[in-house]
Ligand code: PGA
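For reference, the chain that follows is the form predicted alone, supplied as C-alpha coordinates.
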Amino acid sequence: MHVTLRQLDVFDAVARHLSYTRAAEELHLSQPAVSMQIKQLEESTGIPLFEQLGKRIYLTVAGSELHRYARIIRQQLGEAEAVLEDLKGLRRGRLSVGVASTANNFAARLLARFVEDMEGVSFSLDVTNRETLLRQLENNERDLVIMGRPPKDADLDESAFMANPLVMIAPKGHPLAARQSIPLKELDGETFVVRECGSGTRIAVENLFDKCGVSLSTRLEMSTNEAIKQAVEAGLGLGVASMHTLGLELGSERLSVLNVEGFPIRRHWYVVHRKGKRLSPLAAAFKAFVLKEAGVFCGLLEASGRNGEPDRSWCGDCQQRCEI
(Lines give C-alpha, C1' and ligand atoms only; values in the text may rest on other atoms or scores of the structure.)
Protein backbone atom coordinates (compact mmCIF):
# COMPACT_ATOMS: atom_id res chain seq x y z
CA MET A 1 0.00 0.00 0.00
CA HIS A 2 1.52 3.29 -1.15
CA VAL A 3 -0.03 6.23 0.74
CA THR A 4 1.19 9.83 0.84
CA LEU A 5 0.92 12.16 3.81
CA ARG A 6 -1.08 14.51 1.61
CA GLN A 7 -3.62 11.77 0.96
CA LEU A 8 -3.88 11.08 4.70
CA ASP A 9 -4.43 14.78 5.43
CA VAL A 10 -7.21 14.97 2.84
CA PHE A 11 -8.73 11.70 4.05
CA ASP A 12 -8.69 12.88 7.67
CA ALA A 13 -10.48 16.12 6.74
CA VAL A 14 -13.19 14.30 4.78
CA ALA A 15 -13.58 11.70 7.54
CA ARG A 16 -14.01 14.37 10.20
CA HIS A 17 -16.50 16.48 8.25
CA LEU A 18 -18.11 13.64 6.26
CA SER A 19 -18.24 16.20 3.49
CA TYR A 20 -16.00 16.75 0.47
CA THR A 21 -17.10 20.37 0.30
CA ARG A 22 -16.24 21.23 3.93
CA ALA A 23 -12.96 19.32 3.68
CA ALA A 24 -12.06 21.31 0.56
CA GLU A 25 -12.84 24.57 2.37
CA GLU A 26 -10.66 23.60 5.34
CA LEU A 27 -7.73 22.58 3.14
CA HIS A 28 -8.15 25.45 0.67
CA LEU A 29 -8.49 22.99 -2.20
CA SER A 30 -11.08 22.53 -4.92
CA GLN A 31 -13.66 19.81 -4.38
CA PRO A 32 -12.47 17.86 -7.47
CA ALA A 33 -8.92 17.88 -6.04
CA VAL A 34 -10.20 16.41 -2.77
CA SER A 35 -12.22 13.77 -4.63
CA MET A 36 -9.16 12.83 -6.68
CA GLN A 37 -7.00 12.36 -3.58
CA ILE A 38 -9.63 10.09 -2.02
CA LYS A 39 -10.00 8.11 -5.24
CA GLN A 40 -6.22 7.57 -5.44
CA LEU A 41 -6.14 6.52 -1.77
CA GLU A 42 -8.95 3.99 -2.31
CA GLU A 43 -7.14 2.62 -5.37
CA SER A 44 -3.98 2.25 -3.28
CA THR A 45 -5.75 0.49 -0.41
CA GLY A 46 -7.88 -1.60 -2.73
CA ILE A 47 -11.05 -1.11 -0.69
CA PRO A 48 -13.77 1.59 -0.44
CA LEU A 49 -13.29 4.03 2.41
CA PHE A 50 -16.57 5.94 2.04
CA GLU A 51 -20.08 5.06 0.97
CA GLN A 52 -22.79 7.43 -0.17
CA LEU A 53 -26.39 7.02 1.00
CA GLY A 54 -28.68 9.61 -0.48
CA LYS A 55 -26.90 12.95 -0.35
CA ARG A 56 -24.64 12.04 2.60
CA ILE A 57 -21.40 10.10 2.81
CA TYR A 58 -20.34 7.74 5.58
CA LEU A 59 -17.14 5.95 6.54
CA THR A 60 -17.03 2.25 5.73
CA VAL A 61 -15.62 -0.17 8.30
CA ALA A 62 -12.29 0.02 6.47
CA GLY A 63 -12.52 3.82 6.42
CA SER A 64 -13.06 3.94 10.20
CA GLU A 65 -10.02 1.74 10.77
CA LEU A 66 -7.83 3.80 8.46
CA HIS A 67 -9.03 7.02 10.11
CA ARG A 68 -7.88 5.71 13.49
CA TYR A 69 -4.42 4.97 12.11
CA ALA A 70 -4.31 8.30 10.26
CA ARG A 71 -4.90 10.18 13.55
CA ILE A 72 -2.09 8.20 15.22
CA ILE A 73 0.28 8.99 12.35
CA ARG A 74 -0.62 12.70 12.46
CA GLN A 75 -0.06 12.77 16.23
CA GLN A 76 3.34 11.11 15.91
CA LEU A 77 4.34 13.52 13.17
CA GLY A 78 3.25 16.39 15.40
CA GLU A 79 5.46 15.06 18.19
CA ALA A 80 8.37 14.77 15.75
CA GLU A 81 7.75 18.36 14.69
CA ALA A 82 7.74 19.43 18.35
CA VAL A 83 11.14 17.76 18.89
CA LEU A 84 12.53 19.61 15.88
CA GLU A 85 11.04 22.88 17.14
CA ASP A 86 13.00 22.31 20.37
CA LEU A 87 16.09 22.91 18.29
CA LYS A 88 14.73 26.14 16.83
CA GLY A 89 13.66 27.96 19.97
CA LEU A 90 10.89 30.55 19.56
CA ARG A 91 12.01 32.17 16.31
CA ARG A 92 9.80 29.95 14.17
CA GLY A 93 6.82 27.69 14.61
CA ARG A 94 3.05 27.50 14.60
CA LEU A 95 0.72 27.82 17.58
CA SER A 96 -2.81 26.40 17.50
CA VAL A 97 -5.17 27.57 20.26
CA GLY A 98 -8.83 26.77 20.88
CA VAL A 99 -10.86 29.29 22.86
CA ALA A 100 -14.32 29.21 24.43
CA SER A 101 -16.53 31.79 22.73
CA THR A 102 -17.04 33.59 26.04
CA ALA A 103 -13.27 34.05 26.41
CA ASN A 104 -12.66 35.31 22.88
CA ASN A 105 -12.45 38.99 23.87
CA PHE A 106 -9.45 38.74 26.17
CA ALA A 107 -7.90 35.58 24.67
CA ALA A 108 -7.39 37.21 21.27
CA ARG A 109 -5.70 40.19 22.94
CA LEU A 110 -3.47 37.85 24.97
CA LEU A 111 -2.39 35.96 21.87
CA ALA A 112 -1.79 39.17 19.91
CA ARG A 113 0.42 40.53 22.69
CA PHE A 114 2.36 37.26 22.92
CA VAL A 115 3.26 37.08 19.21
CA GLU A 116 3.72 40.79 18.50
CA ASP A 117 7.53 40.51 18.40
CA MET A 118 7.67 37.05 16.82
CA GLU A 119 7.75 37.69 13.09
CA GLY A 120 8.44 34.05 12.17
CA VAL A 121 5.56 32.65 14.23
CA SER A 122 2.16 31.83 12.74
CA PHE A 123 -0.90 30.92 14.77
CA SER A 124 -4.52 29.88 14.52
CA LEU A 125 -7.29 30.80 16.97
CA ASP A 126 -10.43 28.67 16.87
CA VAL A 127 -13.34 30.24 18.79
CA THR A 128 -16.02 27.66 19.52
CA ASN A 129 -18.25 26.09 22.18
CA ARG A 130 -17.33 23.88 25.12
CA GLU A 131 -18.39 20.62 23.46
CA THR A 132 -16.14 21.24 20.46
CA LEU A 133 -13.20 22.26 22.67
CA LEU A 134 -13.47 19.01 24.64
CA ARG A 135 -13.53 17.05 21.38
CA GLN A 136 -10.47 18.94 20.14
CA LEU A 137 -8.65 18.07 23.36
CA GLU A 138 -9.66 14.42 23.09
CA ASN A 139 -8.38 14.27 19.51
CA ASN A 140 -5.25 16.29 20.33
CA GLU A 141 -6.17 18.85 17.66
CA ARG A 142 -4.97 21.97 19.51
CA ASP A 143 -1.75 22.85 21.31
CA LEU A 144 -3.70 24.60 24.08
CA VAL A 145 -7.30 25.42 24.93
CA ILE A 146 -8.64 28.32 27.00
CA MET A 147 -11.98 27.48 28.60
CA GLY A 148 -13.92 27.14 31.83
CA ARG A 149 -13.08 24.25 34.11
CA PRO A 150 -13.02 20.98 32.12
CA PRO A 151 -14.67 17.77 33.42
CA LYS A 152 -12.90 16.32 36.43
CA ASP A 153 -12.71 12.83 34.94
CA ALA A 154 -11.03 13.98 31.71
CA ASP A 155 -7.36 13.09 31.16
CA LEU A 156 -6.31 16.73 30.97
CA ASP A 157 -3.70 19.08 32.41
CA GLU A 158 -5.53 22.20 33.62
CA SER A 159 -4.19 25.42 35.16
CA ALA A 160 -6.44 28.19 36.49
CA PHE A 161 -5.18 31.64 35.54
CA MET A 162 -7.95 34.22 36.01
CA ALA A 163 -11.29 34.70 37.73
CA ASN A 164 -14.40 34.42 35.57
CA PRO A 165 -17.43 35.79 37.47
CA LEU A 166 -20.83 35.08 35.98
CA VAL A 167 -23.41 37.80 36.62
CA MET A 168 -27.15 38.05 36.08
CA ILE A 169 -28.15 40.64 33.50
CA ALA A 170 -31.39 42.42 32.65
CA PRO A 171 -32.41 45.01 30.04
CA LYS A 172 -32.06 48.69 30.82
CA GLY A 173 -34.90 49.94 32.99
CA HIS A 174 -35.89 46.52 34.36
CA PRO A 175 -37.75 46.83 37.71
CA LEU A 176 -35.14 44.67 39.48
CA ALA A 177 -32.19 46.81 38.35
CA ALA A 178 -32.58 49.33 41.18
CA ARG A 179 -32.89 46.74 43.96
CA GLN A 180 -30.17 45.40 46.25
CA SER A 181 -29.66 41.86 47.58
CA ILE A 182 -32.47 40.26 45.61
CA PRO A 183 -33.22 36.76 47.00
CA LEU A 184 -32.70 34.12 44.33
CA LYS A 185 -36.00 32.47 45.31
CA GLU A 186 -37.77 35.66 44.28
CA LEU A 187 -36.74 34.90 40.70
CA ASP A 188 -38.57 31.55 40.73
CA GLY A 189 -40.75 31.73 37.63
CA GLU A 190 -38.81 34.54 35.91
CA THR A 191 -38.05 33.73 32.29
CA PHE A 192 -34.38 33.25 31.35
CA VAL A 193 -32.47 33.24 28.09
CA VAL A 194 -29.79 30.54 28.46
CA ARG A 195 -26.85 28.94 26.69
CA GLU A 196 -27.17 25.52 25.09
CA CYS A 197 -27.10 22.37 27.22
CA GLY A 198 -23.53 21.35 28.03
CA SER A 199 -22.06 24.87 28.03
CA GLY A 200 -20.02 25.84 31.10
CA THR A 201 -22.27 28.82 31.84
CA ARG A 202 -25.44 26.72 31.62
CA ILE A 203 -24.00 24.04 33.91
CA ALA A 204 -22.94 26.61 36.54
CA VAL A 205 -26.36 28.33 36.51
CA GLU A 206 -28.27 25.06 36.76
CA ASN A 207 -26.07 23.92 39.66
CA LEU A 208 -26.75 27.12 41.61
CA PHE A 209 -30.50 27.09 40.97
CA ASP A 210 -30.76 23.39 41.90
CA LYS A 211 -28.75 23.97 45.07
CA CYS A 212 -31.11 26.78 46.11
CA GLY A 213 -34.28 24.90 45.15
CA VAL A 214 -35.25 27.43 42.47
CA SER A 215 -36.69 26.40 39.09
CA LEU A 216 -34.97 27.75 35.98
CA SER A 217 -37.66 28.73 33.52
CA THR A 218 -36.15 29.04 30.03
CA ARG A 219 -37.66 30.62 26.94
CA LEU A 220 -34.76 30.59 24.51
CA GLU A 221 -31.50 28.69 24.14
CA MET A 222 -28.64 30.54 22.46
CA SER A 223 -25.35 29.14 21.20
CA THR A 224 -23.26 32.29 21.79
CA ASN A 225 -22.79 34.83 24.54
CA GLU A 226 -23.45 37.67 22.08
CA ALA A 227 -26.85 36.20 21.25
CA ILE A 228 -27.68 35.99 24.97
CA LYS A 229 -26.88 39.67 25.46
CA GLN A 230 -28.92 40.74 22.44
CA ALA A 231 -31.92 38.66 23.55
CA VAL A 232 -31.81 40.11 27.06
CA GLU A 233 -31.47 43.63 25.69
CA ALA A 234 -34.55 42.97 23.53
CA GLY A 235 -36.55 42.07 26.65
CA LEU A 236 -36.91 38.34 26.00
CA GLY A 237 -35.85 37.44 29.54
CA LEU A 238 -33.08 37.65 32.12
CA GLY A 239 -29.70 36.10 31.39
CA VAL A 240 -26.36 35.10 32.87
CA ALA A 241 -23.08 36.08 31.24
CA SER A 242 -19.39 36.41 32.04
CA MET A 243 -18.49 39.86 33.33
CA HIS A 244 -15.60 39.81 30.86
CA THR A 245 -18.01 40.15 27.95
CA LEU A 246 -20.14 43.08 29.16
CA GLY A 247 -17.85 46.10 28.80
CA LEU A 248 -19.60 47.72 25.84
CA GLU A 249 -23.13 47.00 27.02
CA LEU A 250 -22.55 48.32 30.53
CA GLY A 251 -20.64 51.35 29.24
CA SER A 252 -23.54 52.30 26.96
CA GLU A 253 -26.09 51.38 29.67
CA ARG A 254 -27.90 48.91 27.41
CA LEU A 255 -27.81 46.21 30.08
CA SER A 256 -27.87 46.16 33.88
CA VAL A 257 -26.16 43.75 36.26
CA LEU A 258 -28.64 42.59 38.90
CA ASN A 259 -27.63 42.38 42.55
CA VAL A 260 -28.90 38.85 43.19
CA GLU A 261 -27.89 36.72 46.17
CA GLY A 262 -25.56 33.94 45.04
CA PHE A 263 -24.16 36.08 42.24
CA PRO A 264 -21.63 36.49 40.83
CA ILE A 265 -21.09 32.78 40.37
CA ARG A 266 -17.38 32.58 41.02
CA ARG A 267 -15.52 30.53 38.45
CA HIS A 268 -12.10 30.55 36.76
CA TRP A 269 -10.61 30.46 33.30
CA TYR A 270 -8.23 27.57 32.61
CA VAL A 271 -5.48 26.90 30.10
CA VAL A 272 -5.77 23.21 29.20
CA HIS A 273 -4.00 20.52 27.18
CA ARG A 274 -3.85 16.75 27.04
CA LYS A 275 -2.11 15.22 30.04
CA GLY A 276 1.35 14.01 29.04
CA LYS A 277 1.34 16.11 25.86
CA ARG A 278 4.79 17.31 24.86
CA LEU A 279 4.31 21.03 24.36
CA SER A 280 6.46 22.73 21.76
CA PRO A 281 8.68 25.53 23.10
CA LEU A 282 6.23 27.98 21.54
CA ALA A 283 3.18 26.41 23.22
CA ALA A 284 5.00 26.12 26.55
CA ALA A 285 6.03 29.78 26.34
CA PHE A 286 2.44 30.85 25.58
CA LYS A 287 1.11 28.81 28.50
CA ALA A 288 3.64 30.45 30.84
CA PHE A 289 2.72 33.86 29.40
CA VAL A 290 -1.00 33.26 30.05
CA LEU A 291 -0.41 32.12 33.63
CA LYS A 292 1.79 35.14 34.37
CA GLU A 293 0.20 37.99 32.39
CA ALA A 294 -3.54 37.28 32.14
CA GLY A 295 -4.14 38.96 35.50
CA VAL A 296 -3.82 42.38 33.86
CA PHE A 297 -7.18 41.71 32.23
CA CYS A 298 -8.84 41.64 35.64
CA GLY A 299 -9.12 45.43 35.36
CA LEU A 300 -12.60 44.97 33.93
CA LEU A 301 -13.65 43.08 37.05
CA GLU A 302 -12.13 45.57 39.47
CA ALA A 303 -13.83 48.48 37.73
CA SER A 304 -17.21 47.00 38.55
CA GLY A 305 -16.86 47.31 42.33
CA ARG A 306 -19.49 49.27 44.21
CA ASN A 307 -19.07 52.87 45.43
CA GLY A 308 -16.08 53.37 43.16
CA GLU A 309 -13.99 50.84 45.08
CA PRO A 310 -12.56 47.82 43.28
CA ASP A 311 -14.43 44.61 44.09
CA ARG A 312 -11.26 42.55 44.46
CA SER A 313 -13.14 39.54 45.83
CA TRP A 314 -14.09 38.77 42.22
CA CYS A 315 -10.42 38.22 41.44
CA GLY A 316 -9.63 36.06 44.47
CA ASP A 317 -7.17 33.22 44.20
CA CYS A 318 -9.02 30.66 46.29
CA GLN A 319 -10.22 28.10 43.77
CA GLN A 320 -12.62 26.34 46.11
CA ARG A 321 -14.30 29.63 47.01
CA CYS A 322 -14.65 30.55 43.35
CA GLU A 323 -16.04 27.32 41.94
CA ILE A 324 -19.56 25.91 42.06
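Counting begins at 1, following the sequence as shown. Predicted, not measured: the structure shown is a model, and the values here were computed from it.
Although it is not shown, the form predicted together with the named molecule is what the next lines describe.
Although the partner is absent from the chain shown here, none of 98, 124 and 144 has a heavy atom within 4.5 Å of the named molecule in the model of the complex. Not displayed here, the named molecule is approached by residue 130 to within 4.5 Å at the level of heavy atoms in the model of the complex. The closest non-hydrogen atom of residue 93 lies beyond 4.5 Å of the named molecule in the model of the complex.
The closest heavy atom approach of residue 267 to the named molecule in the model of the complex falls within 4.5 Å. Among residues of the shown chain, residue 200 is one whose heavy atoms approach the named molecule to within 4.5 Å in the model of the complex.
Only one of 109-117, 230-238, 213-221, 191-199 lies within 4.5 Å of the named molecule in the model of the complex by heavy atoms, and it is 191-199.
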